[in-house]
Structure formats: C-alpha cells, structure tokens
Ligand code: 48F
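Below, in structure tokens: the form predicted alone, a single chain.
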Amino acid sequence: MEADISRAILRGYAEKFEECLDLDLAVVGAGPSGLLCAYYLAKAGRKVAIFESKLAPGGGIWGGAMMFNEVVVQNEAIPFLDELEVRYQRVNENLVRTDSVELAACLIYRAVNAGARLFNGVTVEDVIFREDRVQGVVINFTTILLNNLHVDPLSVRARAVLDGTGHGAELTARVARKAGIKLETPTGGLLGEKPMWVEVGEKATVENTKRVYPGLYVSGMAANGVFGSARMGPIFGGMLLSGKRAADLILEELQRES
C-alpha cells in the first residue's frame, strides 16, 4: 500500500510537470491578478502554469484586512465575482464585501478547473533570457532556497511570463538587474511603490498592467511597484481588473505571434 501511494504521487507529479515544460504563459505568483489571468488564458485554450513560492496560493487575500477575513470589491469588478460564483453583500452604492477565504478559494478552483496547472512551494528564481526577450522561467523548490542549499534549478519555456509577485515586483527587478536591460517604463527601471491612496492605487494597478519587456508582463501590485503608484489595501477590484487586462494583452500578443 505504501509503495502504491508513493508511486501514484510520483507519477502524477511527473506527468503534470512534464506537460508544463513548454508553455504559452508562466504566471509567477498566485495572487488574485495572476490567478484570474491564468483562468482566462486557460479558458481560451492556452497552456498555462502558475508557480507559487508559498504552500497556499491566493496571495494577500486570505488574511483579509488585519486578519479580519473580509475584503471589499467595487462595482466595476462585480462581474468577475459573478463569473467565479463568489457570494457578496452590498455595502453601499459603490462597494460590496466578500469573504476573503471564499474569494481566494474560488479564484484557485476556477483557474485550475479551467486547465491551468498550479505548482505551489516552487519559486521562480530567474528567467530564461535570449535574443533580447524573456523566454521562460527558472524554478526551484522553495525549501531548497530557504535552506540555502546549492542545488541547481530546472527551467520551463514560456512564450510569455507574468510577474504577479506583489509589492516588490521581485521578478522584474531581478530581470532588470541581471540582464542589464531597460524596462518599458518612463525611467527604464522600477519606480517603486508609493504609500496608500486607495482611489489612485485602484485605478493605477489596471493602467500599469502592461508589457515591461518583450515576453514579460506585470500585474496587480507588481504593476504599481514597477510604475511607481500607490498601494490600496484590502480592496480587490483593481486586482481582478488587472488580471483580466493582463489576460487580454497576453492573448492579443500570442495571437499576433501565431
């Protein structure tokens, strides 16, 4: 029995991973924008994998606001809640609130159910870079990196990579530093996240969802971190709108390159 259990797990993981060695999209970070982007790409029939460094996908959703597991979503993003079948209650004419655990769970389930593969406990430590383009990701188990073990990584090819790593835009910062490239930003580099200003941050996270270098896109708080906009706290409509915008931009480019 014990051997059968181990064999089933090893074969299942190997098959799943082998399917994802050549992707249309690699999503780095399983936060709300990354999960929603993955959902729409997978729904469109594209091959998508999500790499999340932590065990629990969902990014900053789970804890709600200061561990009060409720979050707020504005009217513009309610259609996403309806599509994901997330329940919500009206707060006022502009806002609704929803259970943060339910929102995270629905985002994860819908992305995976649409066909996206999700690998948790896996850190993207670098990218594949050639011919002045990001062409994939370099991955390792998070536990290996946390223990500072000298173990070489594996690589996954991808036609597009989405940085959804959050406030510090860690992947984009690493690419710019290591490859010595200029990003498609006003200064050619990361501008850094500003203090909280909810209205500005919500609008900016959608506007800043862009391609920042051939093959590399940013979404969610990573987008605001790259383009120097405000943070917004426990309101998630902008994150969802950012994920959808990222999906539209990436699908458009993939179709153009086909």
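Given the structure is predicted, the values throughout are model-derived calculations rather than measurements. Numbers for residues come from their place in the sequence shown, where the first is 1.
Another form, the form predicted in complex with the ligand, is not on view; read the next lines as being about it.
Partner contacts here mean any heavy atom within 4.5 Å of the ligand in the model of the complex, and among 182-190, 81-89, 98-106, 122-130 they occur only in 122-130. Residue 51 is the only one of 51, 39, 227, 217 with a heavy atom lying within 4.5 Å of the ligand in the model of the complex. Looking at residue 178, you'd find every heavy atom of it more than 4.5 angstroms from the ligand in the model of the complex.
Shown alone here, residue 235 lies within 4.5 Å of the ligand in the model of the complex, counting heavy atoms only. Put simply, residue 239 is close to the ligand in the model of the complex: some heavy atom of it is within 4.5 Å. In the model of the complex, the ligand stays beyond 4.5 Å of every heavy atom belonging to residue 157. Of the residues in 11-42, those that come within 4.5 Å of the ligand in the model of the complex through at least one heavy atom are, in sequence order, 28, 29, 30, 31, 32, 33, 34.
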